[in-house]
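Take a look at this single chain, the form predicted alone, given in structure tokens.
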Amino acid sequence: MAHSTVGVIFSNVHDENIPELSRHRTMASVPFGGRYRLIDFALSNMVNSGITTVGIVTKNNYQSLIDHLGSGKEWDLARKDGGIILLPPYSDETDKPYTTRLEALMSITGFLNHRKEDYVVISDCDGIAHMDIADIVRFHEEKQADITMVYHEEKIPCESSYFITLEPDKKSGRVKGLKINPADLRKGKKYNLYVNVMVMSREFLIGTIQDAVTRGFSSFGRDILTKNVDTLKIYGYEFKGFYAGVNSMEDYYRHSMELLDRNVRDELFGNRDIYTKVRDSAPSKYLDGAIVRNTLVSDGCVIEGTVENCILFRGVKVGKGSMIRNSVIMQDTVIGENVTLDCVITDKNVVIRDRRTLAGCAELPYFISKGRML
């Protein structure tokens, strides 16, 4: 498959989902799980399936993404031909950044025209999952599909401003109905939710983009998918594994806490590696008085207080007498002595001084922005 498929990852499409964390970075580079970024899951899924060329579609705030990806060596993508290719937010024909997914695809037609692979896998960075992309491409080939859309059966995320539901035929898998933000949803009912992973042939995608340009289309979902569901061979591939969509801070917090479940960790990280940027840090230290229960602790941490049901990123320091519960503490955060935190999310490089007490709840975690001192 390495010679037949090229990957395309959108890094900015869902920035509005969690503006607190994407204010200074793209959705793709939002930290997750102690040492990862959200793009690591989409990128690793492609690399594990043999894809050796991945175009990253950028728009703004992508300095942290560039720092994270580097040369691509952690994903074995430091290559003379292919590897990771950063794609600018505008094409040769315009100097204005894209505003829709279709405009973004129009801006990368030069990249697609220069590739020789048969298929294109398009993925966003709002989903956390361990997918076999090679199996999705095989399904696409077997069905001789024009478009294959990956879906997952789940309840609709009410916080999301944009989502697509599919109605695939139970026997063939061909999509016979496709709705964008349907109004007739029932609370508690599960739907086949498109998870923003799609497969097309490269030539079909280029032809579709060119046709959309001539017709003056602006929306890939409304102008191409919904209007042509009866004429195009659109198939749905059901992903049955663990999937976590990040549509709000509540989602981000809940899915972070799910990592404390060993079954979830085994499914995400058990069979194949999820690669990320390596940081050469010293092992974590547990000093006298440290108590740690049910917590993911990354390298470089120094703990003197009590930590329960938390995610600690690299280089976190927890002072003596502090009690940290049910919280996500990001990289290089310093927590002083006799501090009490419950349901708190800190961005990077936060300093919480001695004797502070901060608390939120699972539905509305207390968030501290990057670099703040409290």
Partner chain sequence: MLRKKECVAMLLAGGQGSRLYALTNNIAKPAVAFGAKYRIIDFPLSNCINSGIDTVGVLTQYEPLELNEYIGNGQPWDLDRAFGGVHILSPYQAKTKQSWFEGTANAIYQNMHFMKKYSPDYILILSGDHIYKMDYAKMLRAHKKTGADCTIAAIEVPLSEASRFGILNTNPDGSIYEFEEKPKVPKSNLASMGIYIFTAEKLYKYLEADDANANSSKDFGKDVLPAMLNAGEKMFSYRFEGYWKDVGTISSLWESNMDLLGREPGFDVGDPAWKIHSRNPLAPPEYIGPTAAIGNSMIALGCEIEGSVEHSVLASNVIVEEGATVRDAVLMAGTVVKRGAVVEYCVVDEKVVIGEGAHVGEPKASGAGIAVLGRNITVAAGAKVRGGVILDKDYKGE
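Numbering follows the first chain given and starts at 1. Worth saying up front: this structure is predicted, and the values here are computed from it rather than measured.
What follows is about the form predicted in complex with the partner chain, which we do not show.
Taking a 4.5 Å heavy atom cutoff to the partner chain in the predicted complex, the contact residue among D132, E267, E167, D299 is D299. Interface residue among E142, D211, E238, D273 relative to the partner chain in the predicted complex, by the heavy atom within 4.5 Å criterion: D273.
Residue contact check for I156: none of its heavy atoms lie within 4.5 Å of the partner chain in the predicted complex.
Within this chain, G55 is remote from the site of the partner chain in the predicted complex, having no heavy atom within 4.5 Å. In the predicted complex, no heavy atom of N263 sits within 4.5 Å of the partner chain.
At the 4.5 Å threshold, heavy atoms of K73 reach the partner chain in the predicted complex. Comment: 291-299 is the region of 174-182, 104-112, 291-299, 78-86 lying near the partner chain in the predicted complex, near meaning a non-hydrogen atom within 4.5 Å. Taking the partner chain as it sits in the predicted complex, the stretch 116-142 never comes within 4.5 angstroms of it through any non-hydrogen atom.
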